[in-house]
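What follows are structure tokens for two forms of the same protein chain, given separately as structure 1 and structure 2.
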Structure 1
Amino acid sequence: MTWYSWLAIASLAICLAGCIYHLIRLIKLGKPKDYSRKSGSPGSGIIYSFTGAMNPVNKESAYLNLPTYIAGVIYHMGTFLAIILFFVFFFTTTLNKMITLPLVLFLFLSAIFGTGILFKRVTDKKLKQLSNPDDYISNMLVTGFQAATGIVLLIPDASYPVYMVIASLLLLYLPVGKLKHAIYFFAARYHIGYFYGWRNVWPAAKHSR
């Protein structure tokens, strides 16, 4: 194999080791402790946290900013697609032409949305105050990874080495930057669902008028 393939494999191994470390750390912390009197079902709250509570209608930050929310959803879908193709590229970079064009278009679209989200973060005064270098680095790495994945599908021979370097940078950064929310997201949703379920807030009761 080439040096850039070995670089990507080594970066993947380091990334997985870092993610496993965070996962073990979460498991060791155990379940959240609530010393208040139990009045609801933590299990129902957890289920709702991963289902109904994720509905943009029930999220003020989402329904008040629907264009950004939709862009974020597509952006994350593009990331998942790019990760899947990363593993596929170890075996082949030549896919069926009927599949390649839609994949390229979607990856470029998601990269454009990622760039738009970055632009909003830079230009919006409130978001800019809340942002730090990690926010910008994470966005640029993921957006660059998506765009590079689309380019590999178009011109694999010319772009593959650069693509592997970009993928390696992303993998190495993932366990140390905000991108590690790929692990902490599930723990956060579990904890908030447990908390509100325990206190009988989630799932919200339907009151008849």
Structure 2
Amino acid sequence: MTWYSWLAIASLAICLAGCIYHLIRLIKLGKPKDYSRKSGSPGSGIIYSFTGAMNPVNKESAYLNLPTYIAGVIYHMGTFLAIILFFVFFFTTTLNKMITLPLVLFLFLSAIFGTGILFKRVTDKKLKQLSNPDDYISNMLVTGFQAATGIVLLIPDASYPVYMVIASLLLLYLPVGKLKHAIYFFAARYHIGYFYGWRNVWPAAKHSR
């Protein structure tokens, strides 16, 4: 195996260990303890939290900021795609021509949106005040990873080692920076789902609007 494969596998192992650490800590601290008499159902609240409550129609953060929201969604889809391809590349880097082109286009588009989001972060006054170096680094790593994935699809041999280094950096950084929201997103949504479900605020459909 090549040095960069070793590097990527080692980074993947460290990344997984880091994520497992966060997960175990969450599980150990456990689910909410509430002494009040519940009036709704935490279970339906949690389900709603991941479904209806995520519907952009119900979310001002989405429908009041549509361009940013769409850019964000595509950016996240690009990330998932790149992660899947990361594992595919362990077996092969040459895919069927028919699918290579759309994948490359999507990845580049997503990377462009990622850059756009980064640009907004440094130019928009309120976002700039809210941001820290971690936000910039995380964005650049992910955007770079997506772009590199696209390049590998086009010119595998020349780009693969560089790609693997970028992927490794991303993996190593994930558990310590803001990218760990990949885990905490689920934890936070679980908790608000539980809370609103317990108090019969969610699912919202019950209350005729």
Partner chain sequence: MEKTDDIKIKRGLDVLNSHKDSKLISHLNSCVHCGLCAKTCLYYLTTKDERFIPARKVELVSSIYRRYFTFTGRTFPGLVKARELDDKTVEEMVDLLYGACVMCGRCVQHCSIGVDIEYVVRKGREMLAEMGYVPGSLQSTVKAALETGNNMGISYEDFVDTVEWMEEELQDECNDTEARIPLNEHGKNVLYTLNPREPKFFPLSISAMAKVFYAAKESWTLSTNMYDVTNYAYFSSHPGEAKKIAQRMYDEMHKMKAKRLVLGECGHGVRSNRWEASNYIEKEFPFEAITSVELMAEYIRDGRIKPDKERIKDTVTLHDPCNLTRGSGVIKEQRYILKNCVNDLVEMTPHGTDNFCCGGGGGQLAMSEYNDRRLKIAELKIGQIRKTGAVIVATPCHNCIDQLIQINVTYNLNVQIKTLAEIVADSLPV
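Residues are numbered by position in structure 1's sequence, first residue being 1. This is a predicted model, so every value here is computed, not measured. For clarity, a rigid core is taken as the largest C-alpha set superposing within 1.5 Å between two forms.
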Checklist entry - Pick one: which structure is the form predicted alone? => result 1
Checklist entry - When the two forms are laid on each other by their rigid core, does Lys28 show a Cα shift of 2 Å or more between the two structures? => result no
Item to check | After superposing on the core, C-alpha shift for Arg37 between the two structures in angstrom | outcome: 3.6
